[in-house]
Ligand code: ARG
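Only one chain is shown below, in structure tokens, and it's the form predicted alone.
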């Protein structure tokens, strides 16, 4: 018996993959796996109902805690950001692929499959994990070059129905929400407010600002306003609080791995707050040389995540450096949320490198700095004299 395990979201692409895997690829059994990384409850419910109806076996795996602990927390420590994108979808795909492979091993499957097209980044993120195994990799939508209209016709022929046709293509997990497609593919098109679900428009946010206090231990957020909470609850709370103030909207032209430019819109209130707070705390604690070098490490780390290359040995090495720097990143950060902005307005740490000895109000012998100033810019002065 030929058996395949499909990464199943419940949407059109992965739903039409199920009959395609039987009819066009000859698989006798299709196992659909939905991994919960914080999608809306309605989406999970629909995926479960549709998956049970269409596939031979459907499995739902709750991976929210693992997602936050093993993927989001390392992202915060590395200030994960690619061209303004907080890597929500990118960081989730390897975890989903990992879970699919685990099921494939348990079920003694012959292959793993995904519903990605040949134009996006997700095919690379799934397959970077899939291809570390000896399992066959199947991508029906890409291999058959199917258009959305062709998928819709095929779905109708096989009794696969959707209550409403979504105007926009959306992907959501606990860390971010992405919106793309339709008119949004035109870079000059002004997005309507209806596309946003997590955030209010900044001009309709409360007039009164709100200040929240975050505590970090070893670079990881552990409490909000003095109350310790688990990672999943902390992120959900900040999504709610930040969204109320219009924090966390991004509209960018993004450079995809394959070289395409793509118009992408994201919502990520908690990510915006936590990344800004974490950077503010690092500035207080890490040395100038550490900050300078870590900026390069963080950018490289983010590019590997965006490309789906977290299996690369370099990724492990980068995490080792990041973890070493985070041993001292302990303390609190006060964040002011106001009309779409999240700003650091206070920070404190027992590991701060800040010294009051350099204050303008401290009486101190200053002539020692003269020797330094004499030679500061010395080569530049020679250059200008020669010129």
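Numbering follows the first chain given and starts at 1. Here the structure is a predicted model, which means the values were calculated and not measured.
This next part talks about the form predicted together with arginine, which is not shown.
Contact check for 178, 266 and 306: all three have a heavy atom within 4.5 Å of arginine in the predicted bound form. Interface residue remark: residue 233 is not counted as part of the site for arginine in the predicted bound form, having no heavy atom within 4.5 Å. Although the partner is absent from this view, residue 169 contacts arginine in the predicted bound form, with a non-hydrogen atom inside 4.5 angstroms. Contact annotation: residue 122 falls within 4.5 Å of arginine in the predicted bound form, judged by heavy atom distances. Put simply, residue 154 is far from arginine in the predicted bound form: not one heavy atom of it is within 4.5 Å. Note that among 194 to 202, 208 to 216, 114 to 122, 133 to 141, the stretch whose heavy atoms approach arginine to within 4.5 Å in the predicted bound form is 114 to 122. With the partner removed from view, the residue among 110, 127, 254, 290 that has a non-hydrogen atom within 4.5 Å of arginine in the predicted bound form turns out to be 254. The listed set 89, 239, 302, 272 contains one residue whose heavy atoms approach arginine in the predicted bound form to within 4.5 Å, identified as 89.
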